[in-house]
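We begin with a single chain expressed as structure tokens, specifically the form predicted alone.
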């Protein structure tokens, strides 16, 4: 992981200060309504209905703080809370008619604020700004994703493999069966990518021998594609292989997965002859790995 420069930190913080001031985040009457941004955002997130558990995860809020905000909105007649009809352990927050009216007014004012900000730019400048914001959002999403090693039998690992197998079954002319997945006993490292604690991708590292590692089941959820997450998980798998002392990493892919073949070729993989009898493989790749860093000697005590 490359260190973050002080210049980049300063630039990022300067933009945060300017943008939050410019859109009125610090005002207790956000958008001229009688509530701060936190409550206004909570109304937006509740929308057509959401469980308090989902709201905590989505907004990253402490349970107590969220409960206080919900109670305040309830007292104002904007929100009602009930038991979730499908799960009695969950509480569901919904907007009342007054809450829906206030949210509609919030949208109208927010649109007006955005239009006011953009009106001082030419159409060409607005396009450039929209493109820059899209890039910033994509990169910030990628920055917020964590990649962690999990047990191959965990619920998140199984969910990712189910998504992987279902997609390949749809895309491969010959189909794909879950029996073709790597058995858990062969998995040396199982990585899962998390966005706001939701599993959005995975990758598996196998170890056929001491020198060779093999990458399998690299997959990104459709909602997280276009961020560069596939390359991120691939890099983390390679790092895990280096840490384990492997000297080379191999993988294969199907001919219909053109985006995967492009990823591997642009990540330093060279095409090689077939090294296995995988019925779904059309291309085989290999990449040499750098030597693992030396282990520092223990510090004398």
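Residue numbers count along the first chain shown, from 1. Each form is matched to the other, and the largest set of C-alpha atoms that superpose within 1.5 Å is called the rigid core. In this text the structure is predicted, and so the values were computed from the model without any measurement.
Separately, the form predicted together with the DNA exists; it is not shown, and the next lines address it.
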Quiz item: Taking the partner as it appears in the predicted bound form, which of 228-236, 255-263, 271-279, 52-60 has residues with heavy atoms within 4.5 Å of the DNA?
Solution: 52-60
Quiz item: Does residue 90 reach the DNA in the predicted bound form, with heavy atoms at most 4.5 Å apart?
Solution: yes
Exercise. Answer with yes or no whether residue 65 is in contact with the DNA in the predicted bound form, where contact means some heavy atom within 4.5 Å.
Key: yes
Exercise. Decide whether residue 71 counts as a contact residue for the DNA in the predicted bound form under a heavy atom distance cut-off of 4.5 Å.
Key: yes
Quiz item: Though only this chain appears here, would residue 37 touch the DNA in the predicted bound form if you measure heavy atom gaps against 4.5 Å?
Solution: yes
Self-check item: Rigid core superposed: residue 86 CA moves 2 Å or more between this form and the one not shown
Solution: yes
Self-check item: Cα displacement of residue 238 between this form and the one not shown reaching 2 Å, rigid core superposed
Solution: no
Practice problem: Could you check whether the CA atom of residue 60 moves 2 Å or more between this form and the one not shown, using the rigid core for the fit? | Solution: yes
